[in-house]
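Given as structure tokens, the chain that follows is alone and in the form predicted on its own.
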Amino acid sequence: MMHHIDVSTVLRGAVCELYSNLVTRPTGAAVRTAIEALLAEGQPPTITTIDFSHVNLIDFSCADEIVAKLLLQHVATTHEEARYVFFRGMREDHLDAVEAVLEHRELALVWDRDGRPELLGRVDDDERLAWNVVRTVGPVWAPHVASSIGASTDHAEFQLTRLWHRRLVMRQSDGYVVPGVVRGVAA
């Protein structure tokens, strides 16, 4: 099941009707709490697009409260309760704050960069290689990833499992896919 959450709409409902800036930790906490309530409505596994398109400004404290804490919450759930988040609408001026908190907390996310899913945050070279194969080919299993990156099937499976635990890929009956991506294109 796919959901779409417009962060500016949540911000206006949680803080102020005329507000479009995410500044101050209490503002970020209020928005995250409202987003968590919306996320709790769907039955897992779900993919939720968190859309920042109409947010003018996001500071470091709000990036930490909204982005990092949502990711930490989802990584901590069991895989039967898995919820995946896909980010959209983050502009270059949003990225400084978001990247800083991802690096600080050793997190990563999948986001739509001009219609192409990309990783943002802390991932190592092996994770990135495997993820790129999944993004390009998915759905795909470890043997295909292994042959694509020139590694053993065990190594590829290890990388895919790491990515799955971090909610950077989804495991489905027909193979691993990138959340928010249908046949290599952002949904």
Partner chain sequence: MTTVINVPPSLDEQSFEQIVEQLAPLPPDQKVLFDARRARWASPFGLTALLCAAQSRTERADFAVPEHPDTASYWARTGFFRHAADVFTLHGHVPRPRDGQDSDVLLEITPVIQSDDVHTVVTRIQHKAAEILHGQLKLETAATMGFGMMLSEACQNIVEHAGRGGWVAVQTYNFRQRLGRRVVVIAVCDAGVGFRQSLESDPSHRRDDRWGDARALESAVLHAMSRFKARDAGRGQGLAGIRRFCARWDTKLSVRSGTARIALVPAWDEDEALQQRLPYFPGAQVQIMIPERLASDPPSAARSRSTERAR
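Residue numbers count along the first chain shown, from 1. None of the values given here were measured: they were computed from a predicted structure.
One more form of this protein, predicted together with its partner chain, exists but is not displayed; see below.
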{"query": "Glu65, Lys69 and Leu95 all contacting its partner chain in the predicted complex, non-hydrogen atom within 4.5 Å", "finding": "yes"}
{"query": "Contact stretch among 157 to 165, 46 to 54, 23 to 31, 137 to 145 - heavy atom within 4.5 Å of its partner chain in the predicted complex", "finding": "23 to 31"}
{"query": "Any non-hydrogen atom of Ile58 within 4.5 angstroms of its partner chain in the predicted complex", "finding": "yes"}
{"query": "His74: touches its partner chain in the predicted complex, heavy atom cutoff 4.5 angstroms", "finding": "no"}
{"query": "4.5 Å heavy atom contact, Asp112 and its partner chain in the predicted complex", "finding": "no"}
{"query": "In the predicted complex, Ala82 touching its partner chain (heavy atom, 4.5 Å)", "finding": "no"}
{"query": "In the predicted complex, residues of 82 to 110 near its partner chain [heavy atom within 4.5 Å]", "finding": "Arg91, Glu92, Asp93, Leu95, Asp96, Ala97, Glu99, Ala100, Val101, His104, Arg105"}
